[in-house]
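Only one chain comes next, encoded as structure tokens, the form predicted on its own.
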């Protein structure tokens, strides 16, 4: 009987700990995420959706803006998974590379910008808790993670360009490098 009650106590303790963690997030990280979302929506409303779309089209013209600046701005303004929608303004040839860069960026920015990927915030919080126990500053780690992530995400996007070129060449598929707009949207 002791084993059953110990198991039941441990099982309930797991949920009690989860509840305490949730409440601590409700007074710390959740308000920050909500305010960042409000800021993001305010900036988009102020700039206008058409200006955001023009920015995405202009960003497709060179490798730095395509895999460094556009993914950063998309993730910051739209969050995950909406950041992927900016690829609609890119030529078909660059969409796989943008996706590679964007998917990685949505993970490497949580420490500084938790609103980008709140679904994976628990991973960052676990890492941050270990760093705090060592007496280190979590923001130092978050900034380093962001900067290394931006560099690696850029490289990942650019390498995917070469992979796309190889696949196109070996399979005989031709993807357009031009944006074709029809009725205000990109194909």
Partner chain sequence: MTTWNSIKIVKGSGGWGGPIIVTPTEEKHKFIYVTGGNRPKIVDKIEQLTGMKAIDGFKTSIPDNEVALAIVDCGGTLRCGIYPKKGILTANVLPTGKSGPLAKYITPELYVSAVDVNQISAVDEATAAENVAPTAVSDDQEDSKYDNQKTITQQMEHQGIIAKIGIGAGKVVATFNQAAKESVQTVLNTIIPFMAFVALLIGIIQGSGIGKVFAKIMTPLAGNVWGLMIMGFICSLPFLSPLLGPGAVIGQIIGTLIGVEIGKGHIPPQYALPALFAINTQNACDFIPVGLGLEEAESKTVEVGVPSVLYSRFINGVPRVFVAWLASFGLYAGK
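We call the rigid core whatever largest set of C-alpha positions still superposes within 1.5 Å between the two forms. Residue numbers count along the first chain shown, from 1. In this text the structure is predicted, and so the values were computed from the model without any measurement.
Note that the form predicted in complex with the partner chain isn't included here; everything after this is about it.
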- Is residue 103 a contact residue for the partner chain in the predicted bound form, using a 4.5 Å heavy atom cut-off? yes
- State yes or no: in the predicted bound form, is some non-hydrogen atom of residue 99 no more than 4.5 angstroms from a non-hydrogen atom of the partner chain? yes
- Query: Is there a heavy atom of residue 141 no more than 4.5 Å from a heavy atom of the partner chain in the predicted bound form?
  - Reply: yes
- Applying a 4.5 Å heavy atom distance criterion, does residue 113 contact the partner chain in the predicted bound form? no
- Query: Using a 4.5 Å cut-off on heavy atoms, what residues in 69-88 are near the partner chain in the predicted bound form?
  - Reply: 81, 84, 85, 87, 88
- Item | Rigid core superposed: residue 159 CA moves 2 Å or more between the shown form and the other one | no
- Task: Tell me whether residue 38 and residue 138 end up closer or farther apart in the predicted bound form, going by their C-alpha atoms; the shift is 3 Å or more.
- Result: closer
- Direction of C-alpha distance change in the predicted bound form, residue 29 to residue 78 (at least 3 Å): farther
